[in-house]
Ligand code: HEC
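In the block that follows, a single chain appears as structure tokens, in the form predicted alone.
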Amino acid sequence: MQKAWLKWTLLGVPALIAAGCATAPDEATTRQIAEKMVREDFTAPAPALLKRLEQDRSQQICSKIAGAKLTQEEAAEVVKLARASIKYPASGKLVGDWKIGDKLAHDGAGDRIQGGRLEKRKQNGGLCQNCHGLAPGEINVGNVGPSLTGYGVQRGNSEAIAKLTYERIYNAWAYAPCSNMPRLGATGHLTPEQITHMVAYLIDPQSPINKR
């Protein structure tokens, strides 16, 4: 009797699993359920914070479920949207002051939630050191992104490099769709003028980045 019960139990488990899999929601429904949970559980006194719950089109594309990969069409759309988002400084000058860029690269202030409120800050920082190696000898740096040490030494400081560097800082998704690099200019976190200073920090021969 016990053996018979065990036999039918073992036969029933796969059937239950199969039934559960068969009733799992599709990708669109899963996304709707997840977004609803986030909206209902995230509360903030400042309306500006609630805006963070709304994904733009690029974020929607990049928020793939279960590690699914981007299709060529999706990647192309992200790149197109990213390139359309890039704005250049009114001065037309893409290389600013590396000394200001140095401070920005190490400054983590701006857009933080403190005591349920959005931090008030005249200008945000870039905090590049969180993800990248910077000047030679610095040890308090991250390794999520590639090292930027010697950036200008390796690439030079031509107009083409300055433009490429500016655009990658402004919206890296124009070159690497859905990468971990923050879209610092496209989201308004950094101004075009601030980004020119970051460019200078990376390519100016006098910058600590490029010292041996």
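What you see is a predicted model, and the numbers here were worked out from it, not measured in a lab. Start at 1 and count along the sequence shown; that's the residue number.
The following text describes the form predicted together with heme C (HEC), which does not appear among the structures shown.
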item	value
Heavy atom distance at most 4.5 Å to heme C (HEC) in the model of the complex, all of 95, 150 and 162	no
Which of 109-117, 72-80, 127-135, 87-95 lines the interface with heme C (HEC) in the model of the complex (heavy atom within 4.5 Å)	127-135
Answer option from 62, 34, 176, 50, heavy atom within 4.5 Å of heme C (HEC) in the model of the complex	176
Close approach of residue 39 to heme C (HEC) in the model of the complex, 4.5 Å, heavy atom	no
4.5 Å heavy atom contact, residue 29 and heme C (HEC) in the model of the complex	no
4.5 angstroms heavy atom contact with heme C (HEC) in the model of the complex for residue 68	no
Interface membership of residue 158, heme C (HEC) in the model of the complex, 4.5 Å heavy atom rule	no
Sequence-ordered list of residues in 166-180 near heme C (HEC) in the model of the complex, where near means a heavy atom within 4.5 Å	168, 169, 172, 176, 179, 180
